[in-house]
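Here's a solo chain for you in structure tokens, the form predicted on its own.
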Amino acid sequence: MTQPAPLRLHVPEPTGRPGQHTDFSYLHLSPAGAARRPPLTTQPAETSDLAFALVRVLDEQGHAIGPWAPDLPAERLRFGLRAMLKTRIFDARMLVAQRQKKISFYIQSLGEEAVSVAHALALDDSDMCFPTYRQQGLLMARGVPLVDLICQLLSNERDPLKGRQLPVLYSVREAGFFSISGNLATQMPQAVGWAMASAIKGDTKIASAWIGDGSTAEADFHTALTFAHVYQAPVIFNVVNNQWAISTFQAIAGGEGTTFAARGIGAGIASLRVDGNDFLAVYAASRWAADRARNNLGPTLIEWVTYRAGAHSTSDDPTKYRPADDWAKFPLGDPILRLKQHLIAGGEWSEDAHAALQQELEAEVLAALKEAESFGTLADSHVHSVATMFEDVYQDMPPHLLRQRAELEATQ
């Protein structure tokens, strides 16, 4: 008998490192309009092909084609464009504020704006979103005041969370935006539990949760899939495959040789793989999944294929682990430019209108920042009193905490 070769492990490597040319040949891309649209009542196993294809609507000329093309009025599309552009301008301005030491930490959603904005438009306002830290587009689409968001980032005296959360870990209950957790993947089982509670109460609200490609390796993700499948919870799982975790390529989390959408099929959940930089495709797939959930047809998992155009956070330098030209060469392009092209091609937008909108939004964000700074910034230590740590814990504060708070306040 021939002696077998020694065992060895396969360690995934990205297709490009700093100083090398970008290579996105590993991405399986379907032509726009090629992916079929199954009926809402389709069985999860019957979506297997869609977990490996790529749902796309916008072609290279900006035209909407194929069975997934949604019938959205131009006014709604312009609103979506505005919300995406507002998100990008907000991110850029907050990044500058962090560099000026007014904010301790910031995370941008550069290149991923369509995933959150278009999804928000496909949901009802009463639905609950369980986001991770790159879905500020949900807040922009739902009209949350910028000053409130910036005060949270500045951790100042008007911070609605009283300085108890890291910057960007927002919590806006009235906007259906569940508290973000720094512990990755915990929002997945929380979303399933919320969705199950909605069904138990006989409500009509659904849940939608986000997770990054890297965090799908966490046990919480798989636990959530199991519960959602078993109880047919009205929930949407959004796997944002932006190709990179912090500095680790998506293949380390299992994205090599298969898709993240395929994990849903294995768990008995209807699954789609969608062009996350195509606003119309994101809206159509999100609406399909929301309609399934709301009609008691079970959960849906959607893998959004997109790209993290910037650093993971202000603590990260992507030039240390990936080619510098990746964003410019990403084959699915820029979501804002693609929707802009679509509107211009349909005669519903123009370069002049776009320039005017950008100028308007830059002024709006700057004005909101100045107002928020009037309540203090990290640079001037104008923050909530430490005595507030005793609040919002007990309905009736026990005597020993009342004494401790009094002692603390006496020393200030």
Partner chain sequence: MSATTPMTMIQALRSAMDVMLERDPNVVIFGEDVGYFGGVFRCTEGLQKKYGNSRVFDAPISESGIVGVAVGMGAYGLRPVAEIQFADYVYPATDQIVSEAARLRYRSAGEFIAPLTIRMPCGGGIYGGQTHSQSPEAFFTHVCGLRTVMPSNPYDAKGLLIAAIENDDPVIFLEPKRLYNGPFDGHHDRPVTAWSKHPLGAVPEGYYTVPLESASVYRPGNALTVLTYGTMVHVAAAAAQESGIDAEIIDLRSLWPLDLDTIVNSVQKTGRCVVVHEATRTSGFGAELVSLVQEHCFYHLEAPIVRVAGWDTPYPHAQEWAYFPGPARVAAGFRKALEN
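Positions refer to the first chain, counted from 1. Since this is a predicted model, take the numbers as computed values, not measurements. Here, rigid core means the biggest group of C-alpha atoms that superpose within 1.5 Å across both forms.
Another form exists, predicted together with its partner chain; not displayed. Remarks below refer to it.
*So in the predicted bound form, does Gly182 come within 4.5 Å of its partner chain, heavy atom to heavy atom?*
The answer is yes: Gly182 has a heavy atom within 4.5 Å of its partner chain.
*Taking 4.5 angstroms as the cut-off for heavy atoms, does His400 touch its partner chain in the predicted bound form?*
Output for His400 is yes: heavy atoms within 4.5 Å of its partner chain.
*Arg164 near its partner chain in the predicted bound form, any heavy atom under 4.5 Å?*
Yes, contact at 4.5 Å.
*asked:* I'd like to know whether Glu13 contacts its partner chain in the predicted bound form, with contact meaning heavy atoms within 4.5 angstroms.
replied: Yes, Glu13 sits close enough to its partner chain in the predicted bound form that at least one of its heavy atoms falls within 4.5 Å.
*Could you spot which one of Ala328, Ala74, Leu337, Ala197 gets a heavy atom to within 4.5 Å of its partner chain in the predicted bound form?*
Going through each option in turn, the one that passes is Ala197.
*Mind checking whether each of Ser155, Gln404 and Glu407 has a heavy atom within 4.5 Å of its partner chain in the predicted bound form?*
Affirmative, all three are within 4.5 Å.
*Can you pick the stretch from 83 to 91, 277 to 285, 165 to 173, 109 to 117 whose heavy atoms fall within 4.5 Å of its partner chain in the predicted bound form?*
Among the listed stretches, the partner-contacting one is 165 to 173.
_Under the 4.5 Å heavy atom criterion, name the residues of 14 to 29 that approach its partner chain in the predicted bound form, in sequence order._
Going through 14 to 29 in order - heavy atoms within 4.5 Å of its partner chain in the predicted bound form - the hits are Arg17, Pro18.
*asked:* Once the core is superposed between this form and the one not shown, does His10 show a C-alpha displacement of at least 2 Å?
replied: His10 C-alpha, core-superposed: shift of less than 2 Å.
*asked:* I want to check Gly19: does it shift between this form and the one not shown by 2 Å or more at the Cα, with the core superposed?
replied: No, because once the rigid core is superposed, the C-alpha of Gly19 moves less than 2 Å between this form and the one not shown.
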